[in-house]
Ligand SMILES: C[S@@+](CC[C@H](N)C(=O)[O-])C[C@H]1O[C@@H](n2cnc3c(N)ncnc32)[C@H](O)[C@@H]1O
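The chain below stands alone, shown as C-alpha cells; this is the form predicted on its own.
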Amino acid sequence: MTQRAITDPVIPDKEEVRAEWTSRARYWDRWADQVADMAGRFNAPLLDALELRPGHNVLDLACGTGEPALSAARRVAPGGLVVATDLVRAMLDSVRRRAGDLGIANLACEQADMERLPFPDARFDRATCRFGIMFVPDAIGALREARRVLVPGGRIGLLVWGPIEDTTIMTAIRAASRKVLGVDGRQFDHPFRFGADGALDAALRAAGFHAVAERALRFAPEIPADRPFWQPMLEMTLGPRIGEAGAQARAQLDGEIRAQLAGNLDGGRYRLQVHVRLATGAA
C-alpha cells in the first residue's frame, strides 16, 4: 500500500491526536463501564481470532479505557500478562481504575507511542489494536514496530470501522454534529481511514506481516425507541465540543439525532447496522 503524504487530511497529526484524546478521556472514563457489554461484542471475535491462551504475553496498543486489554487479561490467566499502552496518560488512569475494580492483577499499563514502542524485540506472543490504528500518522511504521516486538510467528489482531455509511449511529452523529455544531468532516475522516475492504490487509503486508486475513464483521442491533442509546458514542466522540456549546446545543443534538434515525424506527425499535473490519497477521 502506498503511504499518503502527510498533508493528506486523512492522515492525523500526532500532537493534535494527543490533545484531542486527552480532552476526550474523561468522557470515555464516564461511559466505559456502562458500554462494557457493547464492547464485548467487538472484543470476542478479535480475541478469538488470535487464539489467546493462558501464559500468553499480550501487547494492547491504543488501549483507551481498557478494552480489549481487560478481556484479554482474563483469557491469558494464569501465567500470562497483558501490557496496555496508550499515547494518552489519562486513558491509562481509567484502565488502572477498571482493572482494580474488576480484580484483574495480570495487567500492566505503560504510556507509549505506537511508532516507537519502548519494548525489546520479540517480547510478546500477541498484539491487539482495537479502533486505534486509524489515528496513527505513520500507520505502516507503527505496524512494523508491532511486528518487531512480537516473537517469530506471533500474531497481531486489528479492528477498525468499516465505511461510515455502513454504521447507522455514526452517520446520524455526523449529520447532527455538522448541523448543530458546525463540525467539519475531518472529525469523521480519521476513524474510518481503513474502512475500505482490503485496506488493513494491505497495511499489514506493507509492514512485513504474513498469513494475513481480513474480513467484515456486521451486526444488526435492535434497540427500543425510548432509549437514547447514542449518548455514549456522542459524548465519547464530541464531548469537549458539546461541553463548550452548552445544554441548549446538547438538546438540539439529541433532537437532530432522533430525526436522523427516524427512518430506522420499526415497531417501536430502532433497527441499526454496524460494520467493522477485522484483520490478523503473523510476524
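In case it trips you up, residue 1 is the first one in the sequence shown, and so on. Given the structure is predicted, the values throughout are model-derived calculations rather than measurements.
Omitted here: the form predicted together with the named molecule. The next part is about that form.
- The closest heavy atom approach of L107 to the named molecule in the model of the complex falls outside 4.5 Å.
- Put simply, V17 is close to the named molecule in the model of the complex: some heavy atom of it is within 4.5 Å.
- Shown alone here, W28 lies within 4.5 Å of the named molecule in the model of the complex, counting heavy atoms only.
- Using a 4.5 angstroms threshold between heavy atoms, E165 stays clear of the named molecule in the model of the complex.
- Screening A62, L47, I257, L238 for any heavy atom within 4.5 Å of the named molecule in the model of the complex leaves a single hit, A62.
- A112 is the sole member of A112, V76, V180, V160 with a non-hydrogen atom within 4.5 Å of the named molecule in the model of the complex.
- Partner contacts here mean any heavy atom within 4.5 Å of the named molecule in the model of the complex, and among 149 to 157, 128 to 136, 170 to 178, 199 to 207 they occur only in 128 to 136.
- When contacts are defined as a non-hydrogen atom within 4.5 Å, all of W21, L87 and M91 contact the named molecule in the model of the complex.
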